[in-house]
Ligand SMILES: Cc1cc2nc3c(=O)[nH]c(=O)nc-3n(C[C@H](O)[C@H](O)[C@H](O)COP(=O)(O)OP(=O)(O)OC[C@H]3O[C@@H](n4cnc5c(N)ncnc54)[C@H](O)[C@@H]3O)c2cc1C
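We begin with a single chain expressed as structure tokens, specifically the form predicted on its own.
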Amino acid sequence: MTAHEVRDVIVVGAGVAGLAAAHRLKEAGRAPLVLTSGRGIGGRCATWRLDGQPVDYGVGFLHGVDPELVAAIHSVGDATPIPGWPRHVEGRGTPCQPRAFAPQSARLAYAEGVSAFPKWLARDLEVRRQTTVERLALGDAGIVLTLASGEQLCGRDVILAMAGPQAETLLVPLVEDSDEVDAARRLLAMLGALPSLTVMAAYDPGTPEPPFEMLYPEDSALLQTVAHDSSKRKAPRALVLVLQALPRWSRAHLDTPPETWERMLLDEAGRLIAPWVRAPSVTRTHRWKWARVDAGCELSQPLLIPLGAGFRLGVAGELFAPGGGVEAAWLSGHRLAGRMLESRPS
């Protein structure tokens, strides 16, 4: 595709926010193209396969109170729902999303992994993977996106659905064209995103089952959660724990070699649970540089900025709805698509 070939809508980011927006636009008859720099889709709704066994290493389960979201997560085809997971919770530490355990909140995991939800959202969408957008510019036919490959795409509507710091960087070239873009960029620069260092740890057959499905330690300066991930699986081959570090500790160790912080987190989990936790048979680590929004930084709604000549720029993500997490990401994308449909230029 060349720059003068104009796409209807281009969505940059294939997390839940971007997919929710694209899914709603597609249902309304528009033709969104979704771009993602990664090999997979879903953002933190991420599932790794460890010797064929799913492991959720970002979001451990889905939750929400919005009726449309709850209906959506229960409508995922080809997935086996596990209502109410985690059902056995230990510890009085602060969950990543405290609202998950509010009385009115529905919780749900899938035996196949939480990535089943974004895959379901993307089932009828055109998605280009491993496609990195390096620059935006305003052109005669729309908003021009320059890719890392040198290719240029053009969209009359463009949605940025990514972490705040990533969106801020892409907005910089457009600030001279719009005071609203400049205000949005300045706002994003002030709002925080929290990191999370994660360890997936598998154990040999015969390892004792922990008594919890989710542990929220109250006396740890390192760990925020320990998920008994294999408790979600059908006939699991291995017992698997997923350890996620506290944001402050994660930030302090982002540039530390993974083998160092992996060892520290395993030792801490061994202290909290049992000595056997320190000696897994297989491990895998992951750095979430922008795991979730800083509590209290959320905005009330996504941004939709007119750029003249009928061109529009939208910004969505969990930052753009109260509460954070997957529900906020979905709501922001869903609402942004709704606003685009209601106010589509003639």
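When you see a residue number, it is the position in the sequence shown, counting from 1. Keep in mind that this is a model prediction, so the values were computed, not measured.
Same protein, other form: the form predicted together with the named molecule, not shown, and the subject of what follows.
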Which of 305-313, 285-293, 47-55, 66-74 has heavy atoms within 4.5 Å of the named molecule in the predicted complex? 285-293
Test of understanding: in the predicted complex, would residue 256 fall inside 4.5 Å of the named molecule by heavy atoms? no
Would residue 244 show up as a contact with the named molecule in the predicted complex if we use heavy atoms at 4.5 Å? yes
According to a 4.5 angstroms non-hydrogen atom cut-off, is residue 42 in contact with the named molecule in the predicted complex? yes
Is there a non-hydrogen atom of residue 10 within 4.5 angstroms of a non-hydrogen atom of the named molecule in the predicted complex? no
Is it true that 166, 196 and 318, all three, sit within 4.5 Å of the named molecule in the predicted complex, judged by heavy atoms? yes
Name the residue from 105, 152, 131, 220 that puts a heavy atom within 4.5 Å of the named molecule in the predicted complex. 131
Among 96, 215, 116, 171, just one has a heavy atom within 4.5 Å of the named molecule in the predicted complex, namely 96
Any residue of 202-227 with a heavy atom within 4.5 Å of the named molecule in the predicted complex counts; write them all down in order. none
